[in-house]
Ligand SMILES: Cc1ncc(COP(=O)(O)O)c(C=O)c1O
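For reference, the chain that follows is the form predicted on its own, supplied as structure tokens.
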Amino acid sequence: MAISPRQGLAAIDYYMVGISKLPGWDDPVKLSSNESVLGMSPAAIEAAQRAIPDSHLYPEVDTEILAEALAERYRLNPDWMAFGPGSDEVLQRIVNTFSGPGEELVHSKNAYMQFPIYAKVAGATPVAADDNDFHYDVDKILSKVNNNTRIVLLANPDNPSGSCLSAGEIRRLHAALPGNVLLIVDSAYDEFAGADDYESATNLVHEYDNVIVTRSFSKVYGMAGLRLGWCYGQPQYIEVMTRIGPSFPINTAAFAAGIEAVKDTAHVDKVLAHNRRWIEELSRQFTTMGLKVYPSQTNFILVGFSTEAGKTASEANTWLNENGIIPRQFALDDFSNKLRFTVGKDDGMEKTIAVMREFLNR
């Protein structure tokens, strides 16, 4: 007799990872996974390579060294950090720690698609709040908070919409939460946010004792394949997060690369400049083509297609694939006529614009 998984886990849908291969194309233009097309800092690559010969040993690394580098870079407290193999693992650990059966986690309906999965794995109930055309609606989120709510989880900036909540809005949301509700802010795209009214949620951690922020090395630092993430919270949270976390939360290569990646601000500036240029150009070009482009504070744009024009996102995706380009298509009703495009290399961006124009002019 087969042993069944815990009740509720069987109802979890697979998280759809963006495809990376196309039949007939050896080197397609991959714009589906929000990776940094400029890759890791050269100094980080060298550091990772130097660490590989010792990878037969368990990575008993001193995370304080990495914490100090992050603290200096972002003006944070190094003692308020916990690490893990990617911010996904860190987020799952936080949700497991602070919610469970009979309790609720509130998230925005069209936010990062792992959020309700985290809740279900913890045995908690995910509660979705409606948004306002794929932008978080603070009042609708607050309307879902009740005596069973233990966590409000949001991404700021958001994936897959690319939008962000202003400092005033996220502070208004926090101010209206009961003191026993934990606000978790997934800030994987924090470095890309350039809006005048944006504020890093790490500021809230310094002011309030019910906020935890997660951050990632996968985006601006280009270390997606090495899996390194961290969270920032007050000591009472960091102590338990560290105690229940993996025995070795950072692999040897990621640890060495992470330190150098944080130090190499010139490479980060290069990544951000490349990203800003193409976010602006893609947005301008697609808008002139009659597409709806959602404002982005990330390294990607979400694009809506008009059914009245007779051009659907599915048809566009097929045309792009036939021409060796992979955008992100979502198998969700609310995203049925939308595609997401990550910023790529110059030639890939130019090709994408040209192929999209061909498609729309057919």
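These figures come from a predicted structure and were not determined experimentally. A residue's number is simply how far along the shown sequence it sits, counting from 1.
Omitted here: the form predicted in complex with the named molecule. The next part is about that form.
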Let me test this: is every residue among S283, Q297 and F341 within 4.5 Å of the named molecule in the predicted bound form, going by heavy atom positions?
no
Candidate stretches 187-195, 75-83, 275-283, 254-262, one within 4.5 Å of the named molecule in the predicted bound form by heavy atom
187-195
The unique member of K120, R227, R172, K140 whose heavy atoms fall within 4.5 Å of the named molecule in the predicted bound form
R227
Selected contact from N110, S87, N210, S163, since only one has a non-hydrogen atom within 4.5 angstroms of the named molecule in the predicted bound form:
S87
Proximity of L91 to the named molecule in the predicted bound form, heavy atoms at 4.5 Å:
yes
Does A155 make contact with the named molecule in the predicted bound form, using a 4.5 Å heavy atom cut-off?
yes
Quick one: is R150 in contact with the named molecule in the predicted bound form, heavy atoms, 4.5 Å cut-off?
no
Using heavy atoms and a 4.5 Å limit, would one call K219 a contact residue for the named molecule in the predicted bound form?
yes
